[in-house]
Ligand SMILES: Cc1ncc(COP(=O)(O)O)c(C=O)c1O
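In structure tokens, one chain follows: the form predicted alone.
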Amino acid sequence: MAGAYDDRDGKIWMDGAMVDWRDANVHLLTHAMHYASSVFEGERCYNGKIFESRRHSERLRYSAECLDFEIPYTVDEIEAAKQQVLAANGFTDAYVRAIAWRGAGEDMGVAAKRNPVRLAIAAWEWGNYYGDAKMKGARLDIAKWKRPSPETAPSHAKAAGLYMIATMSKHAAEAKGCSDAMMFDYRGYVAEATGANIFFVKDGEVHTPDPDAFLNGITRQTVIGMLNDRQIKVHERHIMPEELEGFEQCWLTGTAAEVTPVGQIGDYNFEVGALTRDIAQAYERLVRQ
């Protein structure tokens, strides 16, 4: 399946019913379009099985609660809907996007308690998020925008509004010929890429930012578990910008990114080393088992 995302063949699950892809629309005065009252999940299906599917469904409901609304479907119902979408489109390998939002209703202002909460699930075939960077190492810009304090935004929710600065940062990076951008947090510590967590290697040990101001990704947690199984020391801590010069390897993790090596961040270069390759290959085996 290819082409614009609003003009494709296929089926999308919306509010309990399967609808034709081109008919999966919302009204102009949908609250989420104006006030970012929306949460979502990105998941990958491998060989007919969505990796960590239930954890994603649980996080979707948690994210909604962080934004002060409740999704009118249980985790079990969300799980069943995802399977219906895959079956309806004939997919065994696909990217799955579940999204919940405050729809159009009686309220059209900041407050929206009287508006219905809606849920939709779509799936499509999607290759490597970073293209050939998955093999040779992505090149990252350094973003001017910073991840906000948890006191100013629900940083532990997978909320659409938190991605505005990510989109701006990624556009700026692409204009420089980069695949993505690394972001700092509000204190100036290394945080993450625009849609992926980040890991570094030095002297055989792994260092990754403490997720106290950004999403603690499910892939991130999976990879830390893999490293622990290999008895490789993992330091989850605050990382200062000047430390980048001393790191030897770097990779990104995320559902879309999977495990993607990084070859360059700004003026800093990294090798696509043995540990990076081992974790990337082991993750690929894990999700397809």
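The first residue of the shown sequence is 1; numbering continues from there. In this text, all values refer to a predicted model and were calculated from it rather than measured experimentally.
From this point on, the text means the form predicted together with the ligand, which you will not see here.
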| task | May I ask you to choose, among Tyr189, Tyr163, Trp124, Tyr73, the residue with a heavy atom within 4.5 Å of the ligand in the predicted bound form? | result | Tyr163
| field | Listed residue (Thr253, Gln249, Ser37, Ser63) with a non-hydrogen atom within 4.5 angstroms of the ligand in the predicted bound form | value | Thr253
| Every residue of His56, Arg59 and Leu215 near the ligand in the predicted bound form, heavy atom within 4.5 Å | yes
| task | Please name which of the stretches 138-146, 193-201, 109-117, 75-83 has residues with heavy atoms lying within 4.5 Å of the ligand in the predicted bound form. | result | 193-201
| query | Taking the shortest heavy atom distance, is His31 within 4.5 Å of the ligand in the predicted bound form? | reply | no
| query | If you check in the predicted bound form, is Arg102 within 4.5 Å of the ligand, heavy atoms only? | reply | no
| said: Can you tell me whether Ser169 touches the ligand? I mean in the predicted bound form, with a 4.5 angstroms heavy atom cut-off. | reply: no
| At the 4.5 Å heavy atom threshold, is Thr219 in contact with the ligand in the predicted bound form? | yes
